[in-house]
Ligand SMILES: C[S@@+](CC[C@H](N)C(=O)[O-])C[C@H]1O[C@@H](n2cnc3c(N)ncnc32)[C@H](O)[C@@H]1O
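The chain below stands alone and is given in structure tokens; this is the form predicted alone.
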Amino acid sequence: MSETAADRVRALERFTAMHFSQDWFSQHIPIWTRLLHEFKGKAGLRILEIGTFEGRSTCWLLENIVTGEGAHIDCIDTFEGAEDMVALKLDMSKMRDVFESNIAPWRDRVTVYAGESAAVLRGLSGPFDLVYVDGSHRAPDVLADAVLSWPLLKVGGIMLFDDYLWQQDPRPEHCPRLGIDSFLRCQKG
């Protein structure tokens, strides 16, 4: 099915009605478009997103990838923020409302779990075609998210990590890289 001018106008109207205070995602679009092309429009596609913030990546996935019949995305977030977000001075008390408003056009394709990812992941059932880990920046949390979501990933599925180069805190245990590297070492081979 080809995209018409009317489809593009409707997509633009949806995105202009959304509210995003930050854009940490747009830089990923070229590589995600290339990496995830095989999933676009796939019937029954299942995606797990750990860490959603305002839903910018969620909305992009819903608009561009989670488009097939029965495709669905499960999102996990505390909607409370973390200590590394204090400097942004965001009103985290409204974060869930902002997220819900932004995903509203696709609400029927989204399940939202509000809570700590380590607890939520223990209760989920897979398999997922794609797992996107973008929750806490602390290495132990990233490692736990990876370990707990790995068994939920389909064989041949894709696990994406965000913030590998993030260094807002000089302590390695407060950055995702150490958690990601530790997970990859455990999964070597």
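Numbers follow the displayed sequence, beginning with 1. Being a predicted model, the structure only gives us computed values, none of them experimental.
From this point on, the text means the form predicted in complex with the ligand, which you will not see here.
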query	finding
4.5 Å heavy atom contact, residue 161 and the ligand in the model of the complex	no
Contact label in the model of the complex: residue 100 to the ligand, heavy atom within 4.5 Å	no
Exercise: residue 46 in contact with the ligand in the model of the complex, heavy atom 4.5 Å	no
Touches the ligand in the model of the complex: residue 128 (any heavy atom, 4.5 Å)	no
Joint contact, 41, 62 and 69 to the ligand in the model of the complex, by non-hydrogen atom at 4.5 Å	no
Residues in 45-71 with any heavy atom within 4.5 Å of the ligand in the model of the complex	49, 51, 52, 53, 56, 57
